[in-house]
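Provided below as structure tokens are two forms of one protein chain, presented individually as structure 1 and structure 2.
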Structure 1
Amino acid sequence: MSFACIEEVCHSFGSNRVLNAFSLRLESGRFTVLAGRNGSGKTTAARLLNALVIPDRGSVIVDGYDSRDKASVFEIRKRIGLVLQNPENQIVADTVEDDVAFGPENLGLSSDEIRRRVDASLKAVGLYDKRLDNPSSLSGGQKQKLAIAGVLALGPKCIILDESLSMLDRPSRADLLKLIRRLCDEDGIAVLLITHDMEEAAYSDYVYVMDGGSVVMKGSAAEILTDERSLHLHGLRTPVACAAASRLREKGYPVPQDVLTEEDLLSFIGGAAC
């Protein structure tokens, strides 16, 4: 059963049609990517799921709640945590731990539960040792991790990351992709990553590709990322490892279709060498 479902949504801002018959489903425990070039409508889709945008036509149902019902908006936002591209927009306190505690405090949780959530969230993103620091002293990547920790502390059933890995260096991005996998696999959280970087999509379970406000491709990560021609048509680049695996297959090497990341490719080459 889908945790969240967008069905045939059309939406305009003034005379500008942003979404056109757009549909998407999020499953609990599944890491989903929504990819597309700039201006394709990805951010509007994210805001639909968090009831920040109400569709002109079509429906958005989150955990049984219809976003068109004003009484459902609070329930939807309790269930979905949204992490923005610019972490500065989500930092509100003078210490790292107080910033993470802000959301749980507004939920009226007990002091003990707030402490537990703050510590667990900071440990999950690798910022526990920075808990007493002022957020202004953090690097850009650390601020993004702080924003993610703040959302984790709310205990959402779904997390949406809107280009939230774009400011991170390579090691930090790898760490957070592993965290996303753990949240899906161990905690059953639905995760939607909005990106134009198909290297990030290589770690996902399912991929939607948008262009011109509509879904133009959808399928497993392996199905989408190995379709180089279609990705190029919609302004996206195949991950380097996928392209390399494709070239090896053309030369007769039995590279599996699910070799999508550099780690996958190195593992295959190492195994073949043995």
Structure 2
Amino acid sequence: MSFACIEEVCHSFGSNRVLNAFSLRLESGRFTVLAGRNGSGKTTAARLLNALVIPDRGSVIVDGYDSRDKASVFEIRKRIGLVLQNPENQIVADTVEDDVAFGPENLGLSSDEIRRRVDASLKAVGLYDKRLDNPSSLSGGQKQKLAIAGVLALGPKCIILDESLSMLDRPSRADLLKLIRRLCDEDGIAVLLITHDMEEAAYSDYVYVMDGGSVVMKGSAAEILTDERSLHLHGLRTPVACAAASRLREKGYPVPQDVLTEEDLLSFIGGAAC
């Protein structure tokens, strides 16, 4: 039973058809990527999941709750957290810990429970020793970690990251991908990363590619990321390591299909050299 299910959704904004028979499933403990060029409908698709957008046609079921049911919206948003692209425009408070407390305070929890959750979330993302700092003093990557902590404090089973890594520099991006992987693998959280940067997708388990409002490719990361031609057709680039692995395979080297990231490739080469 999938944690969240988007089934055959069609949606328009005015006369503009944005989603066309769009379907997607999210599984617990799995890192899923939804990729597509700008204008392919990715952001709208993401907003379906936490009931910010109610589909014109089709259904969105999250952990048994239907998003069209107004009474379910609270339960859905407790279970699915959303992190946006711009690190700055999600912060509502003047100190790190106050910002994380925003969600739990909205749940009406006791002061002790709020404190407990805030501390746990900050420790989970590695910002605990910055809890009294002003969020403006954080780097972009740290601000996104703060956003994730704010979402974690609600106790979600799923986190959606809407192009949340695109404004970050490379070390911050790598740092956040590691955090996301850990949340997936250790805490069993379903993660959906929306992006057009396939280098990020190289760290995921499952990939959906969108174009023109519908899913055009779906499969495991290894299947999708090695399909250079199709990715290019839909305005995306194959990760560098995948392309290199394909070239090596053409030359006869037995590179496994799941070599997708730079680290994977280097450890394979290192092993092959022995």
Partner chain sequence: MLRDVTLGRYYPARSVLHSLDPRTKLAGLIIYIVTVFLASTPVSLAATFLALCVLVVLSKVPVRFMIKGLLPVAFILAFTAALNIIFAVDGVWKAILITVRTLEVVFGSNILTLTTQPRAISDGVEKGLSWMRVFKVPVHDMAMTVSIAFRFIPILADEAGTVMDARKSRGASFSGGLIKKSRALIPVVVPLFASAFRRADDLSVAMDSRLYGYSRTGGSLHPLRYRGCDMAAYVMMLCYMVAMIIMKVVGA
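Superpose the two forms; the largest set of C-alphas matching within 1.5 Å is the rigid core. Keep in mind that what you see is a predicted model, and the values were worked out from it rather than measured. The first residue in the sequence of structure 1 is number 1, and each one after it adds one.
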Structure holding the form predicted in complex with the partner chain is number 2
Residue shift check between structure 1 and structure 2, rigid core fit, I91 Cα at least 2 Å:
no
* To do: Would you say whether G140 is displaced between structure 1 and structure 2, judging by a C-alpha shift of 2 Å or more on the superposed rigid core?
  => yes
Expressed in angstrom, the C-alpha movement of S111 between structure 1 and structure 2 on a rigid core superposition is 2.9
